[in-house]
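Quick setup: one chain, the form predicted alone, written in structure tokens, and binding and motion questions come after.
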Amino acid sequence: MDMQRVERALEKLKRAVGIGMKRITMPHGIPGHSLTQVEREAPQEEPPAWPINDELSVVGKSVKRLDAHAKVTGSAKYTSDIRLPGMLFGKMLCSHHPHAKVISVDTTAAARHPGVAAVHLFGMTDSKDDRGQGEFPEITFAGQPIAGVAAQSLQIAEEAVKLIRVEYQKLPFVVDLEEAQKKSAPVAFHINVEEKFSDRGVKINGNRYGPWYGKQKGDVKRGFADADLVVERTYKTQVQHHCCLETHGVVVDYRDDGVTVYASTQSTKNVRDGFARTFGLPANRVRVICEFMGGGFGSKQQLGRTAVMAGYLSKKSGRPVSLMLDRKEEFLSAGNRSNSIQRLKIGARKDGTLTAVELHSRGTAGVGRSAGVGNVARSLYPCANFYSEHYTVLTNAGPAKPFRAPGNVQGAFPVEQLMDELAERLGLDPLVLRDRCDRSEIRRLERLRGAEKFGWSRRKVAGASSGTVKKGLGMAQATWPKMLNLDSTVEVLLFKDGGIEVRSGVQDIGTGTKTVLAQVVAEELGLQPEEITVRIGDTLFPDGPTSEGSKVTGSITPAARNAAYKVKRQLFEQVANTLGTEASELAAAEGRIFSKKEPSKKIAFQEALRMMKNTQIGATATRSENYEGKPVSEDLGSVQFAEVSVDTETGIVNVERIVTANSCGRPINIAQIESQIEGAVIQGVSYALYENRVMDAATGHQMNTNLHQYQLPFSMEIPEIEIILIESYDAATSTDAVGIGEPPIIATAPAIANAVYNAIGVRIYELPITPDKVLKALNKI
């Protein structure tokens, strides 16, 4: 058991017997709706509760990003901007075949090419022969990296890669989800299911990997028998690519005394630990730096083959190596959102009470192992009788990776369309049905406020819109758990010369983590955010959380505030005598330290720093458990309303307006939250109408591997987005903040699909909703 686990176990034990704990009064509920106060038992060393945001100075305000100037002026250094003395440039050779056995590889000509410093073959460690002899990994998809070259320039590396000769034995392949499930389909590749999940009944049958069961409840057969109405449909969702503006890539400087990795990553600590394991190094010999990052959306959480290849090339050459994927390589191998085919069945009584929910789903993650559809069917509308069964289907295509609200985006599309259909057949407004089936108080309020802002009362019956271009209104909602990562630590330092510094290994993937940390620490110290220097994205600092699942803000901000509170108390101890009072009587606000009993006894914060006995003082805090063990899986709601127009002659759908109601606990930076919500909605519109990976069944190649042929919305296709942000307090931590990255994308596609149905009176059951699908539904082609 590591020290952190021991410390957490001790913390739980202390909490259980009340050692080192105190009672604090905290705001609880929703301002303007249900706000009250509750008492919680909190660790003695943590600060008293903050009031709601209206009573705070900088938290809950739209503070300008600390890195805004660097980003808009181009001075921000991303991984691809890193230039080190003697640096080489890497390029990888990737397979053109979707399924093959590599017989031999000849790198002789590439190694002799002028300007080439190192060549490496995947699957070959230093102890093996890397000139092309030995056992090679099975080729499982077109685009799989085989070898890499490091050279003085990228042009030379590209020339050298073309000189590598590979002899393949081509094997049968399959790239389509439905074709891969047929008994006659070739086996995509071999996996060992005995290694991990065989005790759960998971097995491989042809290309089908599973079954995976949800948390079954009750008896669905009896539930459907008790229903007054049963609705059942099949839905399909497509493969969506992450399309990060900055592609995957690293710069690796491998030296005898340690390795430095500059990485475009969502987790500096995951890259550090993965690199150390791969190369047999102690983790403290690997330093990972990510100061700026251009998008990840879930695909950059782990080490990845690119970093491994760059590591070997740097180790062999003795020089730093930059290896960035080009856009085609990014499409082929860097990840995607898995597709799905879902058969959903819901039974209900006339009053809308659900009696049974049953879901059978299939999806392919290509050569990946997970293509699940999340927990929307089970969690959004609790039902006494629930059954789900899922199979992941193996195909010869690039691997899926986690993608913003993984699984739930696919899972919401059928659930929210079938609930819409159920409401219509029961003669209920969709909002009324959800009021009866949904137990979430936050979503109830989101529906109420969203409907009012959107003008839901304008909605007509489906197909009632007249003319060639028909108007439609629709809505849908989302569920996402509040998750956290306890391995989240922050150090706050105060310097005698006036500096105030926050340090953590957590990375800022563009969501504004630096600014949020500055706001939290500034609020605690009674200062302004611009007075705080934030140094993050470096594993020399204490570990921070991985940027995934909307975890970061809820994990790191309590640690930041608690560390600031600790160091503030140290400073109070040092200046109390000067002010002629006790440290316990001091407070900090508006840039000064003062006595709460005698406000005339005061000193400027900067003057207090200059009075410090030492050059610096500091404090570190790690994210503690939620107060009183409050569950972290509580639902984080989101409700969206969509207004569309559908041209019934061309089939073109135009999303004109989205109203989205969201909650993320205590908002820290309003502008940054709104920016994240807007980004999620745009990505959701793109998923609903445009994006789709196109595979050629004859060659096994992806056909649209650039941002011209792979469609994304341009500016004129982005709707008006109106945001309702609901402030809420759980009284669970010293900040009560939660992330917002995932929930706003989940409901967008089904809300648009329901609006399209409302416009034309015919449902579309497959994404993306392209003009040909609309015209086909209207029997016009």
Partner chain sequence: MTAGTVMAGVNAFGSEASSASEKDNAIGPEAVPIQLTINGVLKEVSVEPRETLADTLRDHLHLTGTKVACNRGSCSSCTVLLDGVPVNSCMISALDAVGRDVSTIESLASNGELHPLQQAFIDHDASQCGFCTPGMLMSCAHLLQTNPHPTFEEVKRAISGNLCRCGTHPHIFKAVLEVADKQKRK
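Every value quoted in this text rests on a predicted model; they were computed, and no experiment measured them. Positions refer to the first chain, counted from 1.
Beyond what is shown, the protein has a form predicted in complex with its partner chain; the following relates to that form.
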Practice prompt. State yes or no: in the predicted complex, is some non-hydrogen atom of Glu548 no more than 4.5 angstroms from a non-hydrogen atom of its partner chain?
Written response: no
Worksheet item: Using heavy atoms and a 4.5 Å limit, would one call Arg40 a contact residue for its partner chain in the predicted complex?
Response: no
Discussion item. Val286 versus its partner chain, in the predicted complex: is there a non-hydrogen atom within 4.5 Å?
Written reply: no
Item to complete: Decide whether Gln570 counts as a contact residue for its partner chain in the predicted complex under a heavy atom distance cut-off of 4.5 Å.
Response: no
Practice prompt. Report the residue, out of Asp81, Glu628, Glu232, Glu452, that has at least one non-hydrogen atom within 4.5 angstroms of its partner chain in the predicted complex.
Written response: Asp81
Worksheet item: Exactly one of Leu473, Ala356, Val119, Val552 has a non-hydrogen atom within 4.5 Å of its partner chain in the predicted complex; which residue is it?
Response: Val119
Worksheet, complete the sentence: For its partner chain in the predicted complex, the stretch among 604-612, 524-532, 83-91, 361-369 with residues bearing a heavy atom within 4.5 Å is 83-91
Item to complete: Could you tell me if all three of Ile52, Gln266 and Gly739 have a heavy atom no more than 4.5 Å from its partner chain in the predicted complex?
Response: no
Fill in: Residues within 4.5 Å of its partner chain in the predicted complex, restricted to 284-302 and counted by heavy atom
Met293, Gly294, Gly295, Phe297
